[in-house]
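Below sits a lone chain in structure tokens, taken as the form predicted on its own.
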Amino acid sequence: MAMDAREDNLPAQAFVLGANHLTASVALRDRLLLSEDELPDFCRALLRVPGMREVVVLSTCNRSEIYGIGAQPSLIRPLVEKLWGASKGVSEDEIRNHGYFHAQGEAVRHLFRVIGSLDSMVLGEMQIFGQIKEAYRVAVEQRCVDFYLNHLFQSGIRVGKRIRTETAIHEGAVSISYAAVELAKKVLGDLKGKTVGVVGAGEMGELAAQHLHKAGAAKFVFFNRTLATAEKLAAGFGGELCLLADLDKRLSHCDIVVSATGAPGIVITRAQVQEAARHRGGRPIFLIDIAAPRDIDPAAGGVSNAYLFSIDDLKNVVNENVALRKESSRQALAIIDEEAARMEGWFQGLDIVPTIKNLRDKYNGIAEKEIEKWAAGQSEETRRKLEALGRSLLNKFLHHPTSRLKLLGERGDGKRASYFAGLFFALAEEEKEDGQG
């Protein structure tokens, strides 16, 4: 499918081809995923696709997307699908049936939604902002972006910053584990240097430990019925491994206790918490029970300096924060609408750029001839003054015409404005004369 030889004269259009958590299974996303080592070569290969002028590739566990600039995106699409599929052992039909393709205005809005985390699995998550900046950096490093995508991605980064600063979409925990960390901070303050006891070797306990580790918790003690089951988990955090039978002796050493076993009954009693609190000299102990059924005796919450939160408490926090983020998403969409309209105006305004250049070139030429005529035989100082006067007058004379042309271009009237500018300023005649000269 060859591109038209005249494609360089056609207006550039932005497009995105991709698959994400909404359209493709985890298995397919894994097959399409491009590793950090694969990205540079893949970006350069994409640039060799006929019609492709610029490209940025974003690839994460939840989405893989190819952003491009080309004159005829609909003709470029099957070529990119073929290249992508061949490089990852995926059929072109799989990409087309489980992916999406947007061009121009829709592609711009898609990028802005992604970078604003409105298209993420978790609304408002902050990781995608850094991932897009990194994808753009790699493309710049590989010289895969130029005038168009530089402007588009820099605008996108500005949109992301606006959404982060002007809305509350990133605020508040929206996962059980992260909500536990936020509550722990409210009770204990800074978590740096705190000791965490994790009871049970399941996924929920591990996830909570990961969040607490990121928040600065320094030491981890893992309690389990059998040491072998929790050995790998403890090693991953550089933590200490203990049997559940050791809880009586070690509970007082823990500032935070996360309990997430599959036990059918109470694992941590009120008496154990009371004894641990007595040995802590008034320092609070924060208890997080994320097991179902409960691991920690609800009466333990009545112990002095013991703060107990159940999974229901955490769910309430999460639900409140999800509602807050949904409200903020409406504000974020308003920002995206505003910025996408600005970007569309910029693209449309490019239609008028050649006309403005021709206009300035023509009158620059006229000014230079007049300056040369009047400067003949004059001193160097007089010549410089005449040149300065000529530049100043030219800028003043052309300011309003070029401003109006730019405005008409941004409103989508670039072609018509170019036609009339050519008539009013005799630009076509000037080009003809130059061609005959």
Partner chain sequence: METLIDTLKILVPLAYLATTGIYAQLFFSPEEKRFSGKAHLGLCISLALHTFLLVALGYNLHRCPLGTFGEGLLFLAWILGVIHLLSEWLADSRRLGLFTLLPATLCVVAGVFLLKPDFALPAELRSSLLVFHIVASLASYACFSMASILAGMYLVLHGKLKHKNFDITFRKLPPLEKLDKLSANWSFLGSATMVFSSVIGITWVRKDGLAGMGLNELAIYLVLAVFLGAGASRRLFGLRGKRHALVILAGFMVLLLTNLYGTHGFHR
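Keep in mind that what you see is a predicted model, and the values were worked out from it rather than measured. The term rigid core refers to the most C-alpha atoms you can superpose between the two forms while keeping them within 1.5 Å. Positions refer to the first chain, counted from 1.
Below: the form predicted in complex with its partner chain, not depicted.
Peer 1: With the cut-off set at 4.5 Å between non-hydrogen atoms, does E320 touch its partner chain in the model of the complex?
Peer 2: Yes, E320 lies within 4.5 Å of its partner chain in the model of the complex.
Peer 1: So, Q210 and its partner chain: in the model of the complex, are they within 4.5 Å at any heavy atom pair?
Peer 2: Output for Q210 is no: heavy atoms all beyond 4.5 Å of its partner chain.
Peer 1: May I ask you to state whether V187 is within 4.5 Å of its partner chain in the model of the complex, using heavy atom distances?
Peer 2: Looking in the model of the complex, residue contacts with its partner chain include V187, since a heavy atom lies within 4.5 Å.
Peer 1: Can you check whether E81 is within 4.5 Å of its partner chain in the model of the complex, heavy atom basis?
Peer 2: Flag for E81 set to no.
Peer 1: Go through D361, E327, E134, E141 and name the one with a heavy atom inside 4.5 Å of its partner chain in the model of the complex.
Peer 2: That would be E327.
Peer 1: Tell me, which of E171, D337, D248, D93 has a heavy atom within 4.5 angstroms of its partner chain in the model of the complex?
Peer 2: That would be E171.
Peer 1: Hey, of 282-290, 198-206, 116-124, 103-111, which bit sits against its partner chain in the model of the complex at 4.5 Å between non-hydrogen atoms?
Peer 2: Contact-bearing stretch, as computed: 282-290.
Peer 1: So which bits of 305-324 sit within 4.5 Å of its partner chain in the model of the complex, heavy atoms only?
Peer 2: If the 4.5 Å heavy-atom criterion is applied to its partner chain in the model of the complex, 305-324 yields N305, A306, Y307, L308, F309, D313, N316, V317, E320, N321, L324.
Peer 1: Taking the rigid core as reference, does the Cα of P284 move 2 Å or more between the shown form and the other one?
Peer 2: Yes; P284 is a residue whose C-alpha shifts (by 2 Å or more) between the shown form and the other one when the cores are overlaid.
Peer 1: Rigid core fitted, is the C-alpha displacement of E125 between the shown form and the other one 2 Å or more?
Peer 2: Shift of 2 Å or more: no.
Peer 1: With both forms fitted on the core, give yes or no for whether the Cα of S91 moves by 2 angstroms or more between the shown form and the other one.
Peer 2: Not so; S91 is displaced by less than 2 Å.
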